[in-house]
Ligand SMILES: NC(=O)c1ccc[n+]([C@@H]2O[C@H](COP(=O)([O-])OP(=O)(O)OC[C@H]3O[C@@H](n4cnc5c(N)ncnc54)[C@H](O)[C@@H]3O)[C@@H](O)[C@H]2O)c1
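In structure tokens, the next block holds one chain alone, the form predicted alone.
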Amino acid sequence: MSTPETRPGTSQPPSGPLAGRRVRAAIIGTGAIGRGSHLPALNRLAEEGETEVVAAVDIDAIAVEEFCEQTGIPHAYTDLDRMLEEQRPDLVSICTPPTLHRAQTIAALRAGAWVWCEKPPVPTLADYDAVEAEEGTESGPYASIVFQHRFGSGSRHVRRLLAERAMGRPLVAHCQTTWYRDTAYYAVPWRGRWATEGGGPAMGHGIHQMDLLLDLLGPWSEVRAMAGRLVHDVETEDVSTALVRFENGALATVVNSVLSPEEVSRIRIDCERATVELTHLYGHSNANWRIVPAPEVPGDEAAAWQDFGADVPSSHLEQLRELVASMRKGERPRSSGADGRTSLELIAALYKSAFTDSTVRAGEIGPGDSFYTAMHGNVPGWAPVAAEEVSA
């Protein structure tokens, strides 16, 4: 019988084997996001005695050898399965293109490793559900998505105020990811294509702000959207707008664009007793948040709302810190399971609404719905030509 120490192909809870030792981590994909975000976070926790990076994997043998040599990682691989068998990591950090995420995440979960996967998690809801089906049933392993904007002192403080209804009911919200990408950006062959990028700015850019909005306001109930190709010659959209109703009654506008020379990421929530606003670009600290109380709010109460505590910026590090804590407890981490699925479902609903000119409700897209297995839904004019011919 396999023990938790060996755990080959099992879903043994990591709390036992992790007691009193470092989390053994491996990085899959040695490009910019792995080198620039995942590895620094893992190394910082290594300094705190929490982790150790034991291996890296990349299809480019020269690239992964150089990566390991430069960073001090002891083992370089070009074969994920071999690495999982030989190194038996506790945590696999996936930094590869979205089309690879499903197979790589499932392989890691089956080997007993927890997963920390870059966004977008997978190209479709069907892929996401296939991954979730491979997770452990009670104490892991689990697969968590990189949604680092949820983490940090600012979002934690505002989330608490909203949950406690300190500022009253949320009424109106705005979610804006208006960035700029030029023609040279889309000259890279895999960009702007459903098969390789998974979607346009809603999927690849605005997903972070939409995820944070959902984390703050809770479940959405319905969406009505539009999308267009206004500038770029791509398969996907280059701009989208949506109206979203939340279960708590709040109404929100969502804009995702790669056509906006003045770039900004913004969330604004108008509550009964205050407006809270976040303005930044790729990450936020306490200084990026602003709370404006209604005139009748007592001064001492308004002052308490402004106390965000020690400044902890949003980052991969803060999410990883919480993920490792969940691993040690054998608890499902945030941004996994149903909690991680909600943003992907909203994006699928946004596309379905925009491409079919209809209102889409939460839970509507499931097996048998064309948008469950493809974000373009095989809709003529939006689906790649091959998909259109198949559907015909």
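So that there is no doubt, residue numbering starts at 1 and follows the sequence shown. Just so it is clear, the structure is predicted and the values come from calculations on it, not from any experiment.
Although not depicted, the form predicted in complex with the named molecule is the subject of the following passage.
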Quiz item: Taking I28, P120 and H208 as the candidate spot, are all three within 4.5 angstroms of the named molecule in the model of the complex by heavy atoms?
Solution: yes
Self-check item: Contact flag, N248 vs the named molecule in the model of the complex, heavy atom cut 4.5 Å
Solution: no
Self-check item: 4.5 Å heavy atom contact, T236 and the named molecule in the model of the complex
Solution: no
Practice problem: Find out whether any non-hydrogen atom of C95 is located within 4.5 angstroms of the named molecule in the model of the complex, and reply yes or no. | Solution: yes
Quiz prompt | Close approach of R150 to the named molecule in the model of the complex, 4.5 Å, heavy atom | solution = no
Practice problem: Could you work out which of L100, L161, V297, L243 is the residue within 4.5 angstroms of the named molecule in the model of the complex, going by heavy atoms? | Solution: L100
Quiz item: Within 4.5 Å of the named molecule in the model of the complex, heavy atoms considered, which of L217, V146, C175, M83?
Solution: V146
Exercise. Within 4.5 Å of the named molecule in the model of the complex, counting heavy atoms only, one of 273-281, 83-91, 288-296, 100-108 shows up; tell me which.
Key: 100-108
